[in-house]
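Taking the form predicted alone, here's one chain by itself in structure tokens.
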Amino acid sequence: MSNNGHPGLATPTRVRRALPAPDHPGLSDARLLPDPAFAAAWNAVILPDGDKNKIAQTAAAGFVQRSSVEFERLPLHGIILLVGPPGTGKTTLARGLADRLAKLIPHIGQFAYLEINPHTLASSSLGRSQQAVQQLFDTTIAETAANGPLVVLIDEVETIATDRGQLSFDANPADVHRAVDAALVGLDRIARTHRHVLFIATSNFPEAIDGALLSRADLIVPVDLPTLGARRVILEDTITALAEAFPKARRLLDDRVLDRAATASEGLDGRRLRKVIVAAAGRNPASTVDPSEITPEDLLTAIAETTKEIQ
């Protein structure tokens, strides 16, 4: 058995991989994995019991199976789609998942990570969007994938995979259609030629995604607003982090306070829920400069006001 616990698989020699520059056209981030910041992202996302591990294990299983079974008989495209309302942690989950994969299956090599900013690929010049998408897949992604396992995050994927059935050639340039075609062709080519690539796509508007991309997804994961239990965990985690810097804030961790706050925060997404502590601190001059002075009443009032804002 090898040192990494996988029978018959020797630990590969680690050679630091070359990455495209983060300011490369279409990219917003490029790094090697595992990464401590992404590990923290994985821990920060609160999902129902077991869901995170199921997602990670399914993604890892896809890597293993795609490298061993021909595409025609097991047509896995290496695409996971995370969908849900804004602020529910889809992007954070995607980054954490990338890190988790690198730890689950390190025997296949040094993982790399690329994050795509699809908005930079759009152009008003005829043909430019299509060319940018083609170059991204055929050059940037393909060349990085040739050197080892790769995770690619495409945030707001509907930007480059817009539902063509909802577009009008009168209202939208033909380039939009061609760019979607280019993205689909690129995904298909990567799926067949680079079996150790996983695309994680996120969307706040799954109804705006082209059906051809939806059909290619190996797994579609709804990331919904946090449940009562998840809200309590998020609040507890946020206050615990605050109390590490301002110890007196620990009084907000009283079970009765957390229970009331979690119940009152129904409808808030995880992002708003974590930020509500700032609104609570701003309710009086003392807590503005010293968060240790936040009272349970400040917290509950801030939650009530924030909840009212979204109604």
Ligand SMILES: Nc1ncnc2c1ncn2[C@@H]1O[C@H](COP(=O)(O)OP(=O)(O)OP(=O)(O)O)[C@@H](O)[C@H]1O
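All residue numbers are counted from 1 along the displayed sequence. Just so it is clear, the model here is predicted, and its values are computed rather than measured.
Another form, the form predicted in complex with the ligand, is not on view; read the next lines as being about it.
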property	result
The ligand contact in the predicted bound form: residue 89, any heavy atom under 4.5 Å	yes
Residue 283 within 4.5 Å of the ligand in the predicted bound form, heavy atoms	no
The ligand contact at residue 260 in the predicted bound form, heavy atom, 4.5 Å	no
4.5 Å heavy atom contact, residue 271 to the ligand in the predicted bound form	yes
Option from 29-37, 42-50, 242-250, 59-67 whose residues, in the predicted bound form, bring a heavy atom within 4.5 Å of the ligand	42-50
Proximity to the ligand in the predicted bound form, single hit among 150, 187, 234, 154 (heavy atom within 4.5 Å)	234
Listed residue (139, 204, 193, 166) with a non-hydrogen atom within 4.5 angstroms of the ligand in the predicted bound form	204
Residues in 52-83 with any heavy atom within 4.5 Å of the ligand in the predicted bound form	none
